[in-house]
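Next up is one chain by itself, shown in structure tokens, the form predicted on its own.
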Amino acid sequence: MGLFSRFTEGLQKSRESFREDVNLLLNRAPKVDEEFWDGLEEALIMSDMGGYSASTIVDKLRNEAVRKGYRDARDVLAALNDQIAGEFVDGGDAILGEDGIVLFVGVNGSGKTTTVGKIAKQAKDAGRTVILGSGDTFRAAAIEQLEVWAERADVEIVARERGSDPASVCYETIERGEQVGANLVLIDTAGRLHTSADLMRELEKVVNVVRKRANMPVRLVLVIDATTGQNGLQQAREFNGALDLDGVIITKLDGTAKGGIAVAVAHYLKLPIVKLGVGEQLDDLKDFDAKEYAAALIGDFGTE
């Protein structure tokens, strides 16, 4: 099943909510006037894109409407998908597609450990040499969970008992990766509250150890739970400020009306979206395509 087909189901709530707002807007203001622009911006904000990104998209559409002489609101809406897709930045494919060490960070409950396991399975199935590192030594279930995924993916895992120093586990993982010739090292880290300065400093230590020991490029990926909405954007800001992130994975998009969070994160932080989680199954962790995502998020006003 393609990305759009899967998201047709997974982002149904986001799409239906947005289209309901737009249909009400068209009934009130079918002409391209100030009432229409204000209503469109409000509808975008309600889809969880955030005020700044919604305002930017509307401003770009205004300019396009002037250049192309749009007089009917439906002409503007037909161009909306391209404007939303244009908010995303490139580079997500390279983060997992190229050789390197990838650390996954995020708050508790974001789906981080499961996501790491799914990526390991996908990479191994694609013929790559993968090793896992269980850097979450605070939550016993995280170690066991990643061990299950390592067995399922048929990849080696470096894990220590609960309470071990996570930086040392990461160090050992990189060493073991060198020994077995791994070209993709995936390291899970403990969930951190982005509001806790002490926990973030501890995570910075882990990242610094990895960067000093690394024999390959190191990339940091934040895993965000889409259901947290604009709080997810705040998480991204805090983690990016502390760690200088390389990309974002957004999980739990199935059944949420907050799919616009991907647009907000990309717009505010200029970070690429690496993967999207739309369910619990292995194949529900999808590659990201900006145009398909925009179409799944709001629908296609040009053809419907």
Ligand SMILES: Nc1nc2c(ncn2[C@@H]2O[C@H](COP(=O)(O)OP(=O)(O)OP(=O)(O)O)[C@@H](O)[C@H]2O)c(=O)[nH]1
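Model, not experiment: these values are computed from the prediction. Counting begins at 1, following the sequence as shown.
There is another form of the same protein, the form predicted together with the ligand; it is not shown, and what comes next is about it.
Contact with the ligand in the model of the complex, judged by any heavy atom within 4.5 Å, is made by just one of 160, 139, 128, 205: 139. Only one of 107, 182, 200, 96 lies close to the ligand in the model of the complex, with a heavy atom inside 4.5 Å, and it is 107.
Taking the partner from elsewhere, every residue among 114, 251 and 254 has a non-hydrogen atom within 4.5 angstroms of the ligand in the model of the complex. Within this chain, residue 118 lines the site of the ligand in the model of the complex, having a heavy atom no more than 4.5 Å away. With a 4.5 Å cutoff on heavy atoms, residue 263 does not count as touching the ligand in the model of the complex; it lies far away. Proximity of residue 100 to the ligand in the model of the complex: non-hydrogen atoms within 4.5 Å are absent; the residue sits far from the partner. Shown alone here, residue 280 lies within 4.5 Å of the ligand in the model of the complex, counting heavy atoms only. Of the candidate stretches 73 to 81, 139 to 147, 120 to 128, 212 to 220, only 139 to 147 contains residues with a heavy atom within 4.5 Å of the ligand in the model of the complex.
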